Ligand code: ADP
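Shown here is one chain on its own, the form predicted alone, set out as structure tokens.
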Amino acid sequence: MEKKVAVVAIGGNSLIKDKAHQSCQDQYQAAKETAKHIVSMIRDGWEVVVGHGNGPQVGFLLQKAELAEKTIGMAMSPLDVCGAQSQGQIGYMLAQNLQNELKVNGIAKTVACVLEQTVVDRDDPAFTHPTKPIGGFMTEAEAKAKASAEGWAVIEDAGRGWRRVVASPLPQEIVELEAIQTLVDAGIVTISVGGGGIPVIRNEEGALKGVAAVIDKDFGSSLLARQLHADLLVISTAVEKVAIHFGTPEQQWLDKMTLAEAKAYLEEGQHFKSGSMAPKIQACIWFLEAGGKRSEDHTAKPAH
């Protein structure tokens, strides 16, 4: 029987229910709930590859590094290293919960987490105009000192203080694609492309080098789904459905959209916000245009 392959993208924020539940233990419990949904897909015959976001987790790592720098003089970890750390942290939580849930359901499958690098174009325009805020808030003096000493781009963030901003380039290549494909072919539940992947560039000789950037996890998962020729791309969200005219008296929840409708709504520019639903819709469009059969947005809430 031909395998049915699904790529499931989980938001990093979906592991943090609210400000009162941000600890590792809280995130572990959220991962446990998520694992139940994924195992139900496996029980239905899907080979599943799990991608995930890492925004808040990397934010925590950066803030810890900032405190360590101020208190004991320890140099901060580069952003790409923080991304790798978050892949290991979240991957471990998801892998263990998936292993336990598979055992409860009597499913004999192995789970593996692949630390993954994603190549971006070093000439991507995003590097000229960094827009993604990361890390903690600083005073103007602290921010400008960092900009001078470290070459950071910094901005004043909505009256709350100053923050570092980095580029969010488009993903071009999944470095560990062959390894991921081999695991999927072997029937192994695979966790990878965390946070869209650790951002790297290639030099003239083709060698890889980490870069300070943030890759959209939905774009990264969409690229992986396309390169795996997956049948299904699932992107989890915090809401039950997608809506057009969101937040207006004309708001309308949608059960489904055609590819043409999704492209039209996105092009209108008034339905999906750039920092929220728009990347998810665009990721689905790219997947379907490349031959994907179906793409879905699903709530990240626990099963009823």
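All values derive from a computational prediction rather than experimental measurement. When you see a residue number, it is the position in the sequence shown, counting from 1.
There is also a form predicted in complex with ligand ADP; it is not shown, and the following applies to it.
Under a 4.5 angstroms non-hydrogen atom cutoff, ligand ADP in the predicted complex has residue 237 among its neighbouring residues. In the predicted complex, at least one heavy atom of residue 276 sits within 4.5 Å of a heavy atom of ligand ADP. Interface membership of residue 28, defined by any non-hydrogen atom within 4.5 Å of ligand ADP in the predicted complex, is ruled out.
Shown alone here, residue 262 lies farther than 4.5 Å from ligand ADP in the predicted complex, counting heavy atoms only. Heavy atoms within 4.5 Å of ligand ADP in the predicted complex are found in one stretch of 41-49, 28-36, 57-65, 246-254, which is 246-254.
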